[in-house]
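Next come C-alpha cells for two forms of one protein chain, structure 1 first, structure 2 second.
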Structure 1
Amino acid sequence: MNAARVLALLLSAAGVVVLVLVLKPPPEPEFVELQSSSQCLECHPNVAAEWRDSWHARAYVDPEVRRLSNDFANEECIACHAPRPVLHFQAGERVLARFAERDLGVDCLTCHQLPDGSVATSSPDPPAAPCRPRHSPRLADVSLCASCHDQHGTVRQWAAAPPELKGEGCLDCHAEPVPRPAGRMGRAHHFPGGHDPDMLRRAVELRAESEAGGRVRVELENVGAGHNFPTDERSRAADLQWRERGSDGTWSAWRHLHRFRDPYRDETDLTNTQLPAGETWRGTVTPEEAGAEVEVRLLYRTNPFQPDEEATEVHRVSVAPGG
C-alpha cells in the first residue's frame, strides 16, 4: 500500500465520520422556559460568579443608590437599576422598569432575553442549549450599553474618542476574554469601572517635572479610558493635589490643584471639566520654598463630598528637590 492510497483511505473514512456527524441530528436539548435570572445562575456558574461580583448585580441594592432614590420611592430611578430586558426595546429607546425580582438589578435577562423568550448570544453559530441561544448582533454592540449608559454622554464621548482608544466598543476594556469550560472563549461579566483601582490606574497617566523659575509642571493624560475621565455618573470627581517638603523635612498639607468633574444640573455656575479620551490637562505649581521636593497625587471620589481618607489614590509622583 503506498502512501497516497493510505491517505485516500483515511480521508474517506474521515469523510464518512463527517457525513455521519452532519446527517445525525444533534440531540435536541429540552428547552426550558426562562422566567428568572436565577435559572441562568444555576446552569452558568462561571458567568454567575463574575456577575455577582459586579455593580450590575448590585444596581438595586447598592446603599448609595438607595439613599439617593429614597429607597426607590423615587420610582424614576427603577428604570435603569431594575429594568425590563433591553432587547425588548428598539436600539436607542429608553428602558423601563420591571415589576418582579428587582433586587437582581441589571441581571441576565436584562441584557440577554430576546422578545421570543430565547437568549441572545454574539456567536454567529450558537450551540444548541436549553436556553435557546440565538445570534443577535445587538448583544455585543455599543447600543446595548447605550440604553442605560448614555444619560450623561458616556457613549457619545466614546464615539468621539480617537480610534486607538476607541477599539471595537465598550467590551474591549470592560469585559476581558476568559476561557469557558466548554473550551470556548467568553467575556468576563465583572464590568469593572470607577470602583476598581486597576481600571482607574490604567485610565490616566500623571506626570510632573520641574521647570524654570522653581515651578513644577503637572500633566494628566487620558491614555486608557475610551471616554471622558471620570465619566457617566455625575457624582464622580477626580482631584489633583500637591504638597511640598520644607527644609525642616516636614510636609505641607495637601493643596488643591484641579478637579475633573461634570457638575450636577443645578450647579449652573460650574462647567464640565472631565478629561476627554486622549487629551492632556496641563498646570503648574510653585512651591513656597524654591527647590523644595514636591509631590502630586490624583484622588478619585465616588461622590464629590467624599473625604480624602475615603477616596482612592490613583497615582502619586514626586519631583526631587531642586530637580
Structure 2
Amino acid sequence: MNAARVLALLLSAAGVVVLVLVLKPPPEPEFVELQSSSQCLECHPNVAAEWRDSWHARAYVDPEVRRLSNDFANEECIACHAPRPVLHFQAGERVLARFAERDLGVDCLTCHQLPDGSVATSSPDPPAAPCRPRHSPRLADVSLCASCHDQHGTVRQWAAAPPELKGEGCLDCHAEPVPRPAGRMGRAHHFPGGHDPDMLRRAVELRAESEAGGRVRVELENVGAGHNFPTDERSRAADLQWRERGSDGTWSAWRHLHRFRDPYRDETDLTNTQLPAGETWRGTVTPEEAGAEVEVRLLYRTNPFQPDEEATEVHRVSVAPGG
C-alpha cells in the first residue's frame, strides 16, 4: 500500500473520529440535589431578583403577617407561609410546613422541586444542568397555586368565574411572559396581587351618578379579577366611603358605605360580602344638602383594622353639584 493511500485512510479515520466527537452528546452534569433555594440564585440571578421583590419572598417575615398570626402562634398559617415543596404532594392537596429556612417564605423549591429531588420547569426542552431540570405540566396548572391559595376559596372562585375573566389560569394575570436567556420565554416571578395598586385598579370599576330625589347611585363592578374581590386571606378588606361638600365649601368626614370581605370563621355575626368575578354591587347615598358635590372612594386594606391613611386608595369618583 503506497504512502498516499495510507495517508488518505488515516485522514478518513480522523474525520470519522471528529464527526463522532461532534455528534456525541456532552456528558450530563453530575446530579446535585438542591437542599436550599439559595443554591438556585447563582444560575438564575434575574429570576432571583424578581422573586426577592415579591410577596412570596416576604411571606414569613412580613410584619403584618406576623401580627395577624400572633407571630405564628397560629401554627396553621405556617404551612402556606413557609411550605414544603408543593410538587411533593398530590395536585391541590394542602401542603405541610417546612422546618428549615422559613425566612425564605415561598421560595424556589416550594414550586419547583420534584419528589425525586430534580427541578420542575415549564420549558418543554430544558437544558442539561446539575439540578436535572425536567418539564412538568403541573407547574402551570392552577392546582399548584391551589395548595395554598384555595384555603380560602380563591381557586374555587376562579373556576366559577366568567370565561372572559378567568383566562387559562392563575399565571395569566399574576405571572406575565418575559424573555429569558437563549431566546426562550418564561414567566415573571414578581407575582403581583393585592399589594399592587395597578392590579387593584384593573380589577374593579367604580361608578357614581345622580338620581332623582337628590340621591347618588354608586356601583362597583368586578371587571378584571378572575375571582372574588378581595380574595384569599380573610384579613383583606375593601371599603367604599363617601363624603359631601357643603355650601360653605368644606368637605364632611368620610362616611362608610359598604365593606367587601370574607370574615373569619369565628366572626359569626358577619357574612361574606366579597364581590364575585363579573358581578356588580349597587348602593345609594343621600347628601344632607340637596345637590351637594359628592365624592366616593374605594380603599383596599391588607388587614381589616388598617387605618385609612395606610390603606390603598384604588379609585375615587366625583359627582358634580346637582349633576
Ligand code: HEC
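None of the values given here were measured: they were computed from a predicted structure. Rigid core: the largest C-alpha set superposing within 1.5 Å between the two forms. Residue 1 is the first residue of structure 1, and the numbers go on in sequence order from there.
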Tell me which of the two, 1 or 2, is the form predicted together with the named molecule. 1
Once you line up the core, how about Arg282: does its CA shift reach 2 Å between the two structures? no
Mind pulling the C-alpha shift for Arg67 between the two structures, with the rigid core superposed, in Å? 2.5
